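Presented as structure tokens, the chain that follows is alone, the form predicted on its own.
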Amino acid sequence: MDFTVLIFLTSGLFLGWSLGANDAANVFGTAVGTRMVRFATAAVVSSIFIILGSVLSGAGAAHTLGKLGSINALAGSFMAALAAAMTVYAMTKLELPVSTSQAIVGAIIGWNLFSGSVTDANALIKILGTWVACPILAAAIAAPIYLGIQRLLSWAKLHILRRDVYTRIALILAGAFGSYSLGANNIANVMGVFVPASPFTDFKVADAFTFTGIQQLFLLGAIAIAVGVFTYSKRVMLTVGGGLMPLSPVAAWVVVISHSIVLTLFASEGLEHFLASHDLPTIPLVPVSSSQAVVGAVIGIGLLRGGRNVRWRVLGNISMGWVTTPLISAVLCFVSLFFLQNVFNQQVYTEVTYSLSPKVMDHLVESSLPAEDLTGLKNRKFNRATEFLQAIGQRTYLTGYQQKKILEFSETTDIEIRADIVDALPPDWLSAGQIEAVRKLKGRHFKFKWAVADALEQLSDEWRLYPDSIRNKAHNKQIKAKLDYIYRTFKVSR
């Protein structure tokens, strides 16, 4: 691997360290703050389960973050992660439990503005909506759990020493669950921006399973998070544990459990598949703020007690940090990209060409998209998505969905289906029928991603996308993830 690549990845490691230093407080802060669990114990348990959650379940939330903006150059990924990390580090110095989710979203928007890329409005609205829903949902979960536990303990009438032992064990188990949830949900914040420009390739482990490039990225980020937990999280843990509201050990356990449930809801692909298969509305897989989940749970318990012990001024400071974090990160990223490109001569984004070629125009007609009004743009090329959409907007009105589809169909690329790469496709993820369909395309070149998808679908129904519906959501999402893998794997590097 090129040494330059390792240098660029350091910002992701710094962001991971910042997440460990700040967000680990959300898992064990209440337990450490109430002196029920020693910091060393909390750090070890948290680190182990953050790594497991990141590697095993981290892909779900990364998908939505990737739709917000696809940073396609390693130097751009480096600066986005660095801007987010610097913002989180500054807030950590102020002992404010802010969110890496908010910081990285701000950084991605900053990169989109600098590169002329389009910020996916639907993905942004979905993420912003979860920022509002997250603390409310955590409060709604914490209140009934707290009431139920209080009644259970009153009924059980445990001896104080036995109750103390049970509470400590419960806090450690809840912390392990919370750490796994934190890794699964928030690893996308640390390494998600590096996925489109990932330098890692898949490899097999003992011919048993494939360790993907994305999993390698996530493992690297998770280790950095663990280092952050050990080296700098204690101060923020004490702020969360006692700064917002005095918590009893039982209340501390309720806070951690509520926080963990919320993060799991927004990261579980298994839950999404279960809901979709039963025609039930699915929960968006989004990297939500663990800080907001913890604060929401604390406030839920506080309101249950009448709100008298809540330190509202501390809550106000925390809330101000939530608002300013994405704004600071976006501005910092935008300015830093300018210097990285113009002073240090680094390529912070790869130009993406959009062209309404005759083949694309025909495909627009087949897809029932308004092509007649765009004939004046036929065969013109645009190197920025914003300029392309501006030219379209001067000729016709398009809905957000239509804009997204025209951008998707007009984006040019260079994909070559090479025989040596086909033979290395992972059989534990792609089915035999899917691999065989790719093999039949050996030697062919494609200039558009949708052309690859159409060719594969004609060769095998196992590549088919079904009409959008709740029941088909999980299937279509899996097929799109596999297609993205094919695009990345066979893209010709220049």
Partner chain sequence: MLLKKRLVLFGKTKRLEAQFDEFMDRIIEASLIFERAFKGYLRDGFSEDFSIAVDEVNQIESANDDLKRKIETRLYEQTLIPDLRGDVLSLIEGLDGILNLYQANCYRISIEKPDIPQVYHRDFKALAKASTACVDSLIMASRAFFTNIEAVRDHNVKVMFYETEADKISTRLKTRIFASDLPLEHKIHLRYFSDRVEDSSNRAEDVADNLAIYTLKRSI
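None of the values given here were measured: they were computed from a predicted structure. Positions refer to the first chain, counted from 1.
Although not depicted, the form predicted together with its partner chain is the subject of the following passage.
- Residue among V165, L280, V132, V343 with a heavy atom within 4.5 Å of its partner chain in the model of the complex: Exactly one residue meets the criterion: V165.
- Looking at M320, L94, L161, A419, which has any heavy atom no more than 4.5 Å from its partner chain in the model of the complex? Exactly one residue meets the criterion: L161.
- Task: Classify I223 as contacting or not contacting its partner chain in the model of the complex by the rule of any non-hydrogen atom within 4.5 angstroms, answering yes or no.
- Result: No, no contact at 4.5 Å.
- Item | A174, heavy atom within 4.5 angstroms of its partner chain in the model of the complex | Residue-level check for A174: no, no contact with its partner chain.
- Query: Any of the heavy atoms of I125 lying within 4.5 Å of its partner chain in the model of the complex?
  - Reply: Flag for I125 set to no.
- Would R35 count as a contact of its partner chain in the model of the complex, using a 4.5 angstroms cut-off between non-hydrogen atoms? Output for R35 is yes: heavy atoms within 4.5 Å of its partner chain.
- Stretch in contact in the model of the complex with its partner chain, which is absent here, among 153-161, 404-412, 83-91, 260-268 (heavy atoms within 4.5 Å): Heavy-atom contact with the partner occurs in 153-161.
- Query: Even though its partner chain is not shown here, does it sit in the model of the complex so that I149, S248 and A251 each have a heavy atom within 4.5 Å?
  - Reply: Yes.
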